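Only one chain is included here, represented as structure tokens and corresponding to the form predicted on its own.
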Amino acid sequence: MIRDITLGQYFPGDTIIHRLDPRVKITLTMLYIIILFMINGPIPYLIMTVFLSVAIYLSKINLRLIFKGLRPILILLVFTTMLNIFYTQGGTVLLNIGFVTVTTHGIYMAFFIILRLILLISVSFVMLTYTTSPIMLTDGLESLLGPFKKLKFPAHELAMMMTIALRFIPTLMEETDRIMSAQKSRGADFETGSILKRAKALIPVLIPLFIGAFRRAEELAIAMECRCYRGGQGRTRLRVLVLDKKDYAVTILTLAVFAISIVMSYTIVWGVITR
């Protein structure tokens, strides 16, 4: 399970998705997530699914990486499905056993909530972590937060902290896997017994993991100080972010797709209400 976590990993490439300005990718990803919570109905979700499928195809990211990244949230998906199927009222009753009632509306809601979660996480992988290097992600975040600097908002520091956190997720996962392997070789059991027993078995893993994380943080701070790091003021960049034609074209096309999804969603909802 630890090896399945791919959040924070960057896969270099020379596709149009990789070459997009990080500010464009961050903005469009946030809009995509917002619109996922605004739309309703099968057609708008189909449009958003096709859009993400095209983005995955253009980025040339292997689908196995997407599924591998979704595997850690499998429990959350199953739990969400059960809640919506058994506790959502409305529609035709398909099954009624005691306090458990399964309706067509419950199945409908469960399907679209699961689809929403999958799309939300997948777009974050494809448009951000998988196709954007940590340095470019930092520069993009800082540029977008730049206007808030006039209000004394620490844009550079916040962008740096978020990027470092994403960057060290794979490192911490590898260290966790290494510690668990060492504990297993000494007879530790993390897979059998009750939930409480398995939770107690993780204590010998968490203690050295936290110690290692603090040690890495201290080493990183010392390394940054040795390189005379003093925050974002007066810093220059090897690559200056400049929007070009492809960024404008992708933005306009994406906004058009988003607008169509919203219009289709509210048209369908209004048609149902006035029917």
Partner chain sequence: MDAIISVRGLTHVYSPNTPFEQVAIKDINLDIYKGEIIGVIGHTGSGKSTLISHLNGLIKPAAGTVTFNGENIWKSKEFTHSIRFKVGLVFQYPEYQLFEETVYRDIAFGPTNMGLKEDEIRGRVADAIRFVGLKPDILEKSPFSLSGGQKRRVAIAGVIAMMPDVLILDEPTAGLDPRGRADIINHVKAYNKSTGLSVVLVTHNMEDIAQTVDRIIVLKKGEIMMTGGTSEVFSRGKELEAAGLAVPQITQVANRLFDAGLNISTSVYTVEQLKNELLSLGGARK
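Positions refer to the first chain, counted from 1. In this text the structure is predicted, and so the values were computed from the model without any measurement. Only the largest set of C-alpha atoms that superpose within 1.5 Å between the two forms is called the rigid core.
This next part talks about the form predicted in complex with the partner chain, which is not shown.
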Next on the checklist: With a cut-off of 4.5 Å between heavy atoms, is Ala188 one of the residues that contacts the partner chain in the model of the complex?
Outcome noted: yes
Checklist entry - At the 4.5 Å heavy atom threshold, is Thr251 in contact with the partner chain in the model of the complex? => result no
Checklist entry - Contact between Ser265 and the partner chain in the model of the complex at 4.5 Å, heavy atoms? => result no
Item to check | 4.5 Å heavy atom contact, Gln183 and the partner chain in the model of the complex | outcome: yes
Item to check | Heavy atom contact within 4.5 Å of the partner chain in the model of the complex, the stretch among 240-248, 37-45, 206-214, 24-32 | outcome: 206-214
Item to check | Position in contact with the partner chain when the complex is considered in the model of the complex, options Arg178, Lys149, Arg71, Arg198, heavy atoms within 4.5 Å | outcome: Arg178
Next on the checklist: For a quick test of reading the superposition: does Leu151 move by 2 Å or more at the CA between the shown form and the other one, rigid core aligned?
Outcome noted: no
Item to check | CA of Ile207, rigid core aligned, shift of 2 Å or more between the shown form and the other one | outcome: yes
Item to check | Large Cα shift (2 Å or above) at Ser181 between the shown form and the other one, core-fitted | outcome: yes
